[in-house]
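Single chain ahead, written as structure tokens, the form predicted alone.
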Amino acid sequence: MAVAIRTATEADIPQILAFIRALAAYERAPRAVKATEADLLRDGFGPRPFFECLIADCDGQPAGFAFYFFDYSTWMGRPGIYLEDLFVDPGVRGHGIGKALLQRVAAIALEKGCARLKWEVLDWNTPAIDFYRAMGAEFMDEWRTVRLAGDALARLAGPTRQMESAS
């Protein structure tokens, strides 16, 4: 089984979206995906992309992806990479594809001078947890993920948004 890791191109957008949907189904949230091909084109392949993506090809066929973006550690004074999604098609798991994707993201982090690579995993996803532990990942149980979205985000931004649009 020949595995090749490559940078995604605009032509990969339908496959990227298919991987995103497959990951959502695996994570028990198949209806949660709102992203469209137009969103991915706009936000990943324009003049200032918000994300980067790697595709793993296995015997010439797309088998998985790593979807990431850069963040910044104020304490370390260095950039980092946040791995939003790592997914390998269930039919080809166990052949080192996930590890190859993770290794390439780690190499990119070092090439770009990043101090760290971080991501999240669902607490019930024991195969992924075991895989990440085997890679030497540190679990930061004392930290909690915090998120604002939808109406809560709009409510919080409300007065600021109004002041900005008046200028």
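Just so it is clear, the model here is predicted, and its values are computed rather than measured. All residue numbers are counted from 1 along the displayed sequence.
Below, we refer to the form predicted together with a further copy of the same chain, which is not included among the displayed structures.
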(request) May I ask you to state whether residue 57 is within 4.5 Å of a further copy of the same chain in the model of the complex, using heavy atom distances? (result) no
(message) Although the partner isn't part of this model, could you tell me whether residue 85 comes within 4.5 Å of a further copy of the same chain in the model of the complex, counting any heavy atom of the residue?
(response) yes
(request) Evaluate residue 11 for contact with a further copy of the same chain in the model of the complex, applying a 4.5 angstroms cut-off between non-hydrogen atoms, and reply yes or no. (result) no
(request) Decide whether residue 91 counts as a contact residue for a further copy of the same chain in the model of the complex under a heavy atom distance cut-off of 4.5 Å. (result) no
(message) Just to make sure I understand: among 64 to 94, which residues lie within 4.5 Å of a further copy of the same chain in the model of the complex, judging by heavy atoms?
(response) 67, 69, 70, 71, 72, 73, 74, 75, 76, 77, 78, 79, 82, 84, 85
